[in-house]
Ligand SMILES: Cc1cc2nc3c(=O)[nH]c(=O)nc-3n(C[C@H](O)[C@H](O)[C@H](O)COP(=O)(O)OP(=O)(O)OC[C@H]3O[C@@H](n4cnc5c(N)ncnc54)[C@H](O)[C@@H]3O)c2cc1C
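Before any questions on binding or motion, here is one chain by itself as structure tokens, the form predicted alone.
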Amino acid sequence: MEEYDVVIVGAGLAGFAAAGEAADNNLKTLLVEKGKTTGGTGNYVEGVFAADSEIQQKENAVIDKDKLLNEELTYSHYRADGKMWQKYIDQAGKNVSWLENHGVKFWLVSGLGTGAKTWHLFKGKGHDAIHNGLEPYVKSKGVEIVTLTRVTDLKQNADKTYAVTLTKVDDKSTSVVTAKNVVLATGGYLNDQKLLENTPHQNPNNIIPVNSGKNTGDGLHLAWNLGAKQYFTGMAMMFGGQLKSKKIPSFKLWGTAIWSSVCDQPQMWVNELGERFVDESACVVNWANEGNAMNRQDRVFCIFSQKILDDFTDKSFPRSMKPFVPEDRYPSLRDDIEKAEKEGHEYLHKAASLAELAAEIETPNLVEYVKHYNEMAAKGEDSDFHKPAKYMLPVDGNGPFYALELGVGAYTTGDGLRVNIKNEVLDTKGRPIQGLYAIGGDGSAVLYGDTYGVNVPGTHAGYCVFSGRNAIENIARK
């Protein structure tokens, strides 16, 4: 049997960070990916967290680490692991430099809404960071990469090494390799509906994964079979509204004008009764809050008029989205709506009157509530949820009127296995399982309560890099 120092299960951002560190330490490494292509959900990552990177230092934008640590612990109601957060925050700036030294290019450092300026945005998103940086580097250093291959079994040998069963996706043929260490980097379980239903999510049927589609809990099941502790906190990284569509993959709708107009702009959102449930403006500046608020409803719709549609297309919308949207309007929005209508997408509803619209989407209180909403808009005062007057756009005019149905978009889960400060997987007694590590989404329960902290953006992707390097650094020290 082929013998390796490290077998890494999953070739996303975390897996490639681990592979890069393994290459730096001259460890014989096998990187296993079940998909046809590498990168996984990491291909869609915008950027990573850091508090004191060289980029921030040059911009005199270094952020107080103690305040960040306190922010994260408080935000999680102290469910997060303070020792892990402190180590992560201390090393994050060095990880940005490490990425640059491994071919990754950055665009700028940004905040998100009113959050801290910690988000180091990649040029070309995670796709370029992986495929133009980390992947060519690890290949040049001799890391073996196999695709269309699953790790279907792990057995610990008497000498504490692992027998790793590899199964080809196409012909189901198997082979076994030996590994001194195994690193689980399969991205969590957002695409496993059964696991979602058995965790503390409020409404998993309303969650729409916006990811690679491959995060089905593979690493968790492998670890559980070896006695690992299940450590669910119920954290799904929800980023707010996502258009509900069975025809178009969700990641193709994310970031489009039609999506941004109803999820980034604080328009009128109603639930299955046709009533508002939140101050939309408070949510769009923190999409974790947006996701939580929407996920408490059975159905969610954005309601708007033809006048709003025309104004957003030709004039302006109220909340600037620069630099992500270059001007304060959506030039393609009207055409996008017309195309969606022509193609018959189920998320779009259009009617000549509000009464007809209410009947179509089965929202019994919609007409009365819109009347109430328009009266509040005329007075410039939202007496229900105190949304600022500039965002109280009346849903009026002669029609037509529109309703776009939304689910709750999510990138990944942030729980599932318990790990220690070395990213070793812990058993049910809190003891490390020798030679077994979990990184990225497989081992991120240490970071969260039940909600991702958008107020410090980039932390999950940054943790993928940190945890990948952290696990391998500890392996190399053995």
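No experiment lies behind these values; they were computed from the predicted model shown. Residue numbers run from 1 along the displayed sequence. In this text, the rigid core denotes the largest set of C-alpha atoms whose superposition between the two forms falls within 1.5 Å.
Although it is not shown, the form predicted in complex with the ligand is what the next lines describe.
The stretch that touches the ligand in the predicted complex, counting heavy atoms within 4.5 Å, is 411-419, out of 426-434, 52-60, 411-419, 22-30. A residue is said to contact a partner when one of its heavy atoms sits within 4.5 Å of a partner heavy atom; V151 meets this definition for the ligand in the predicted complex. The ligand is not drawn, but in the predicted complex it has no heavy atom within 4.5 Å of G449. Contact between A18 and the ligand in the predicted complex is not found at the 4.5 Å heavy atom cutoff. At the 4.5 Å threshold, heavy atoms of H460 reach the ligand in the predicted complex. Among the residues K387, K214, H221, R334, the one placing a heavy atom within 4.5 Å of the ligand in the predicted complex is K214. If you take 78-94 and check each residue for a heavy atom within 4.5 Å of the ligand in the predicted complex, you get nothing at all. Once the rigid core is overlaid between the shown form and the other one, F251 counts among the residues whose Cα shifts by 2 Å or more.
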